[in-house]
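Shown below, as structure tokens, is a lone chain in the form predicted alone; questions about how it binds or moves come after it.
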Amino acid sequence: MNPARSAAARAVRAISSSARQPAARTITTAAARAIRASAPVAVRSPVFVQQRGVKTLDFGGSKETVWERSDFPKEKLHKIFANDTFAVLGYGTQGYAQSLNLRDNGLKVIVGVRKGGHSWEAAKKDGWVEGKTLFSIEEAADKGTILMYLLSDAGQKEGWPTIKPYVTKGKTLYFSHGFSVVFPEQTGVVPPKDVDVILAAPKGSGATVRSLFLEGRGINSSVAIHQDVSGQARERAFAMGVAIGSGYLYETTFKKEVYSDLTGERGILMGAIQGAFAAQYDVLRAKGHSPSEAFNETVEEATQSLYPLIAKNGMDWMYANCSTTARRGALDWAPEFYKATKPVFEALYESVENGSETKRSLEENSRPDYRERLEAELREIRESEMWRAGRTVRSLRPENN
């Protein structure tokens, strides 16, 4: 499928490289480390700035209230959190990104990780100082007033008995994923009744949270309140969303955040994409097409041309700006793919809702050989013909020469 040379070609050139940021919420630690090891990204002025405050907008016929970064300028953040110390517990992809963004926003931040471990050394490289801003998890949890519980889901289950004694009256317990709170029978995470419990969940990887912040933009995030003891949890939750690097925020619940997040990751964001890519690639190869042709028609054109255009202009625009043959075929086959995949998505959502996905995730990610098993699964994808062909195709992109 080839977009028309006219408007489509011009739109491709107009799209900044940021339009190609990954949609998936997860990213490997190695990739995250590479992002922050690279040279600082120059802050650039956004092309379009919305001049408004909190406002109710129409989302396809439904009215929703959204909050923007402009609603919480730095001076307001400093006022709201004047007496707070943010204790970032965990230094994975979200931990490092959110802690650095908070620090760059001039707020008081400390990091808590296992002393001497890989994350400890990574935090030191990022400028956190042992005994001043870098502590053991227990020390940080004791010193912090806002405890940002950003360990992995399996790590939160394992670490909760250690953290719980420090979740004391008057403090705020913060999450970026409602997993542990929504499935307490499996995680054991039950917050005390005398603390605020809030969530700000960036809709992207930690690497994207950091890079978009450095670009002067900001990722979109969802916000939820599980417990409001102080009467100020809602305002503080939205303020935290901005403080960690969000551009705009919308409100949800812990449960809805978890259900949509788990469904999306397993579905259209990553699981369904890999499955669909592999299926089409294998059909083309079985019919005699070369690896380069099969990869280009399956992955390269999608990610480098069409997806950025869809992100910028919408699906109807994409249909209107491709060849008549492509348009007719896409319109005719879309309902067939809908009928074929909707039952899969319904089964997926049910598995999230009934907790079976949570059970499997915790069991698999808590295994002592977890990393070895993960590497074997990723190696299978990495060394498949499709993605080996992809390495060669990517190397031919003009920007790589």
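Throughout, we count residues from 1 along the sequence that is shown. Values in this document were obtained by computation on a predicted structure and should not be read as measured data.
One more form of this protein, predicted together with a small molecule, exists but is not displayed; see below.
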- Using 4.5 Å between non-hydrogen atoms, is residue 92 touching the small molecule in the predicted complex? yes
- Does residue 282 reach the small molecule in the predicted complex, with heavy atoms at most 4.5 Å apart? no
- Query: Can residue 205 be called a contact residue for the small molecule in the predicted complex at 4.5 Å between heavy atoms?
  - Reply: yes
- residue 137 near the small molecule in the predicted complex, any heavy atom under 4.5 Å? yes
- Single option in 158, 142, 194, 293 placed near the small molecule in the predicted complex, where near means a heavy atom within 4.5 Å: 158
- Note on the structure: Of 371, 342, 359, 55, the only residue with a heavy atom within 4.5 Å of the small molecule in the predicted complex is 371
- Item | Proximity to the small molecule in the predicted complex (heavy atom, within 4.5 Å), stretch among 110 to 118, 319 to 327, 230 to 238, 126 to 134 | 110 to 118
